[in-house]
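Taking the form predicted on its own, here's one chain by itself in structure tokens.
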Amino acid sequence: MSTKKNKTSPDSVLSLFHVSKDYQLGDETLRVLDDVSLEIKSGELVAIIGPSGSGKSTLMHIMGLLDRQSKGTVTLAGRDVSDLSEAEAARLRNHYVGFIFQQFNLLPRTSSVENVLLPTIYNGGDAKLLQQKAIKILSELGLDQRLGNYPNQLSGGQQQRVAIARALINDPAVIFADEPTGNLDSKSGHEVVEILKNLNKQGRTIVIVTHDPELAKMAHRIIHIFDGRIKSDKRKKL
């Protein structure tokens, strides 16, 4: 592979070069991702879409440093992250990546503010300033009256807004939203979509992973993955 092919643009946040992912099932090798190359630029709003089993979740896990590719190269914020130790990957992930999950993944006996602060635990910093920042983000998301509430005291839409605040607390280079409206009613889902759009307008880089074509329509760029390969990669005319 030539160096030229691996060259990223100056505004690149995340790049994959010829990435494959294999799983060993007994004597057989299952290839879930097959020679995937793509680049996410700063400020993009990207949807990765595909049916169940297409490889989109595996792709997100590799891009978000939750899993490691079998072949190929991954760069994040200009750094080759292909061969990091688990501890190094965790540190880099905590600093550069934010996640919003379908299931919210909030700690049940923890308040909204405390849930938002979880990614800051290993970063150090002034605890009082971080708490003020968490309160500010939650308030901007309309949760100023829910700061001390536990998840079971919040609606699904409110829980997802706490999860969004948690994803923002470390000012990540990229935010991954995995089926962010999948567990919400239509009204709450629409509110989450509008929040993500507004965050992107503020300059946030957001990658949405979904099987829902309607959700994907909000993106400026849609990457369609099928059988572990990129089937299409189209940008909308803005």
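Keep in mind that this is a model prediction, so the values were computed, not measured. Sequential numbering from 1, following the sequence displayed.
Although it is not shown, the form predicted together with adenosine-5'-diphosphate is what the next lines describe.
Shown alone here, Gly64 lies farther than 4.5 Å from adenosine-5'-diphosphate in the predicted bound form, counting heavy atoms only. At the 4.5 Å threshold, heavy atoms of Thr58 reach adenosine-5'-diphosphate in the predicted bound form. Although the partner is absent here, Pro213 is not a contact residue: none of its heavy atoms lies within 4.5 angstroms of adenosine-5'-diphosphate in the predicted bound form.
Proximity of Leu38 to adenosine-5'-diphosphate in the predicted bound form falls outside the 4.5 Å heavy atom cutoff. Site annotation in the predicted bound form: the residue of Thr205, Thr181, Gln69, Ser54 reaching within 4.5 Å of adenosine-5'-diphosphate with a heavy atom is Ser54. Among Leu45, Val193, Ile169, Val32, the residue placing a heavy atom within 4.5 Å of adenosine-5'-diphosphate in the predicted bound form is Val32. This chain is displayed without adenosine-5'-diphosphate, yet in the predicted bound form the stretch 46 to 54 from 182 to 190, 197 to 205, 169 to 177, 46 to 54 comes within 4.5 Å of it by heavy atoms.
For the stretch 11 to 29, the set of residues having any non-hydrogen atom within 4.5 angstroms of adenosine-5'-diphosphate in the predicted bound form comprises Tyr23, Leu25, in sequence order.
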